[in-house]
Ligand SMILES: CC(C)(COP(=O)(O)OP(=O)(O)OC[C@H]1O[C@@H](n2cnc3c(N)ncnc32)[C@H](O)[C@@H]1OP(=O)(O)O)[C@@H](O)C(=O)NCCC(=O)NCCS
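Shown here is one chain on its own, the form predicted alone, set out as structure tokens.
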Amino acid sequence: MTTVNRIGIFGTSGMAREAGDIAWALGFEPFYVARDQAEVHAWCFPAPVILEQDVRHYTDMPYVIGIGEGGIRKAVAERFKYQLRFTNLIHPSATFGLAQREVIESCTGTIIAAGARLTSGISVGDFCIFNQNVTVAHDCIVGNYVHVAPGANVSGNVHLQDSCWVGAGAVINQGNLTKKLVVGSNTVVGSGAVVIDDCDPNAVYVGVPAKRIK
């Protein structure tokens, strides 16, 4: 396996393949990193796959983590932070407000899929995923390992804390300059939910308006 124009993608699920689509759009040829031999045997996608234990042989190329769950993404990032070079993966159709692209480029390991729009004044952590057609409005704070699923809309002055998950088609209503609306760390906002108040950490919220169910 040559390393010219290659990028390694941790994961073998749909999220990893979607990251691969972004890589192809950017002119990279992706290969995938499976956790164990069972994932290798289950792999049926027409692209090369290696075992995680073998990445030490391919350290001269960039990597991303195409795994949706933030806790697993964090574990992989921590495990390989001194061995591999993680990069950002930004689809050419993603768009940004004034100076926002430069903010993203200062991150590590963030994936931004096709059709995503981030306006301006947004602080973004490392190893985040902004999936297809996501919108994030002005003056938001996005922590590390956050995942915003396809079609979700995050209004201005929102704080998405570390490792939270905003489900597909969810809406996070706007905070304000003096008090941002907060989605707590490790919290899941269900698909299609509409968040109008702060969400506690380590919780699950669903419905319109969103209510805590766990």
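Nothing here was measured: the structure is a model prediction, and the numbers come from that model. Numbers follow the displayed sequence, beginning with 1.
This next part talks about the form predicted in complex with the named molecule, which is not shown.
Visitor: Wondering, does I196 line up within 4.5 Å of the named molecule in the model of the complex on heavy atoms?
Guide: I196 lies outside the contact set for the named molecule.
Visitor: Tell me, yes or no, whether N131 is in contact with the named molecule in the model of the complex, where a contact means a heavy atom of each within 4.5 Å.
Guide: N131: yes, in contact with the named molecule in the model of the complex.
Visitor: Please run the contact check for W165 against the named molecule in the model of the complex: heavy atoms, 4.5 angstroms, yes or no?
Guide: Residue-level check for W165: yes, a contact with the named molecule.
Visitor: Is S191 close enough to touch the named molecule in the model of the complex, meaning at least one heavy atom pair within 4.5 Å?
Guide: It does: once the named molecule is placed as it appears in the model of the complex, S191 has a heavy atom within 4.5 Å of it.
Visitor: Going by heavy atom distances of 4.5 angstroms or less, which of G184, G175, P30, P150 would be at the interface with the named molecule in the model of the complex?
Guide: The option sitting close enough to the partner is P150.
Visitor: In the model of the complex, which of the stretches 153-161, 43-51, 22-30, 166-174 has residues with heavy atoms within 4.5 Å of the named molecule?
Guide: Selected range: 166-174.
Visitor: Scan 180-214 and note down the residues that get a heavy atom within 4.5 Å of the named molecule in the model of the complex; none is a fine answer too.
Guide: Contacting residues: V188, G190, S191, V204, V206, G207, I213, K214.
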